[in-house]
Each structure stands twice: as C-alpha cells, then as structure tokens.
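This document starts with one chain, in the form predicted on its own, laid out as structure tokens.
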Amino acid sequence: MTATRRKSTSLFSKRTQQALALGLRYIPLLILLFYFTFPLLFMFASAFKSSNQAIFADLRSWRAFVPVGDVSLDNFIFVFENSNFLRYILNSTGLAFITILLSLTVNSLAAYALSRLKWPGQRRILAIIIATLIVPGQVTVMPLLLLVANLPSISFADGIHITKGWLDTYHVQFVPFVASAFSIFLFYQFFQEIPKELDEAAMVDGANRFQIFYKILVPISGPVFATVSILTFIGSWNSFLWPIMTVQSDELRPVMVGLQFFFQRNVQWGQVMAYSTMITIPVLAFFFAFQSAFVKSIASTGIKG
C-alpha cells in the first residue's frame, strides 16, 4: 500500500515537472508571439473600424486588437475609389516576380562559379563581394541614380529610337537590384555543403559545367532558392526610397510609394490601416508558402561565417 502511494506521488510529481518544463519553454515563446503579432492585429482590426474616434476609444482595451463595434468594409472601398490601388498592386507584384526570377538566375550562377569552379582571382572576387555587404545602400543611391539617368534606353514607339536615361520606367526599378551580395553569399554557403564528388561523377558521365548546375545542384538546392526568393520578394515589395527617386508617373508606382501619396490625401487612420492591410497580406502569404523551406535552409546553412 505504501509502495503504491509512493509510486503515485512520484508519477504526479513527474507530470508536474514536465508541465512546468513545458510552461517554462513555451511561455516566453508565447510572449514573443503576442509581442510581434499585436501590431498586425491592431492594424487588421482598425481597418474595419469606421472612424478615428472608434479606434482611439479602443486603444486602452482588448477591443483595439479585435474588429468589434461599428465595423464595415467602407475603409477598403474608400481605398479602391480614391487611389490607383489595383495598378499599384499589379506593378509591385510584377516587379517582385521579375526581380526574383532574375535574382535567382544571376546570383545562383555567380555562387556556382565561386564555389564549384577553379579560376584565377576567385578568392579575391569572393572577398570583394562579401565586403560590399557592409556598405549601406543609401551610400550608393546617388551614384546609382546618376548612372541610370545616363544609360541608353531603346524605345519601340513609331520605330526603334535610342534615348538617354532609364528614369520613370519599369526596368529602372529592378535591374539595379538583381545582383545581390547577400544572395550570392547564401548560395555560396549552400553549394559549399554539397559534396563535390557529385560534380566529378557527372563529368565522368559526360555532363558539362552548366548541365551539372541545372541538373544536379538546382534540384537539391530548393531551400536556399526559397530563402532567396522570400528575401528578394520582401526587399522588392517594401522598396520605397529608390522608386520615389526614379519614378514620377502614377501608373508606374509600386504600392509603397502609392501609400505615401494616399496618406497625403488627409485620410483617416482606418483608411490607412485598410491600405496597409491589403499590402501586408501578399507578404505574409508568400512567407508562409515557403516557410518550411526557409527554415530548412537557415538550419542547414546556418549563415556560417
């Protein structure tokens, strides 16, 4: 009888200890989860509230994070009726996917040449590329602006015409950002982990260097391709400084620049939150679609120094 009580007490204590261990493990994660999601919840909830008074009245309670009270879709309708939102969203989507496609191609090939081939000056070129990571993008904005303003541009309206300058065009918004030192570094780290015996086996079978790249390396490098896609998409989608300096036409503007001009209309906070909600959803959807591959890539490469 005594042994049975001791066993029961010991089992209960063990379960209690496991519960405490789980609580200590997950409570900090839950606190971080709420900390990072509260701004998003506040934005989503405020997008459905009809006036600034309703938003400010709920600021000191849980109602600030839940669409309750006088809610409607009026703010979303206002955005569509008072801005060129659909054009902005199509511009940003097209620019983002073109940038991703070109970035994956250019950066993966550059990393392949640096990590799998042998040629003079290879180490120095890699060191220069990594060194550019410490240069802030704002430092290169003005030289880059002068460069694109003097590049030749081909126009096909009424025949072929060569003009000067890339300003106020679509391609000025993505061509300067296709090559990325950070993306090359990610690809380089991932390719370094792949055994080079695969290359030698493929060469024995008669494959050339390019066939080794797209038939062997690309199929097994899905995680790093997903990671670079996510980072490129977020960077392109959130781009603001460069488009506002180079694009003047309303029909060429991306969503972030469109938000700036929409905000200047003296709109209410609920309408700004509705605009912000609609431009946040694509980023979240893109991230969750490639989340598992993104985590796998970070775990496998570890961004090792």
Partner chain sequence: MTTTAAELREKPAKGKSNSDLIPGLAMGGAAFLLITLFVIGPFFAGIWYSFTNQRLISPNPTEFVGLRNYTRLLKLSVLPLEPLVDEASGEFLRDEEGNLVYPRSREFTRDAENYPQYAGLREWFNIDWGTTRYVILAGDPIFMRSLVNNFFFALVVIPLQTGIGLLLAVMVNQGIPGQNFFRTMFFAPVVTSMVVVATVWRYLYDVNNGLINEMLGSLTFGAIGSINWLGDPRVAMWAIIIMSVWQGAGFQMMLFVAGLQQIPEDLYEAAGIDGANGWQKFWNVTLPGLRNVMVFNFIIITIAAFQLFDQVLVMTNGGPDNATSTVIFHMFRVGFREQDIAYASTIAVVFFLIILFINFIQRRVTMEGGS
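What you see is a predicted model, and the numbers here were worked out from it, not measured in a lab. Residue numbers count along the first chain shown, from 1.
Separately, the form predicted in complex with its partner chain exists; it is not shown, and the next lines address it.
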**Asked** Just to confirm, Lys215 within 4.5 Å of its partner chain in the predicted complex by heavy atoms?
**Response** no
**Request:** Determine whether any heavy atom of Arg209 comes within 4.5 Å of a heavy atom of its partner chain in the predicted complex, and answer yes or no.
**Result:** yes
**Message:** I'd like to check something about Phe80: if you look in the predicted complex, is any of its heavy atoms closer than or equal to 4.5 Å to a heavy atom of its partner chain?
**Reply:** no
**Message:** Is it the case that Phe185, even though its partner is missing from this view, gets within 4.5 Å of its partner chain in the predicted complex, heavy atoms only?
**Reply:** yes
**Complete:** Per contact check vs its partner chain in the predicted complex (non-hydrogen atom within 4.5 angstroms), the hit among 90-98, 117-125, 221-229, 72-80 is 117-125
**Request:** Would you mind checking 36-64 for residues with a heavy atom within 4.5 Å of its partner chain in the predicted complex?
**Result:** Phe36, Thr37, Phe38, Pro39, Leu40, Phe42, Met43, Ile55, Phe56, Leu59, Arg60, Ala64
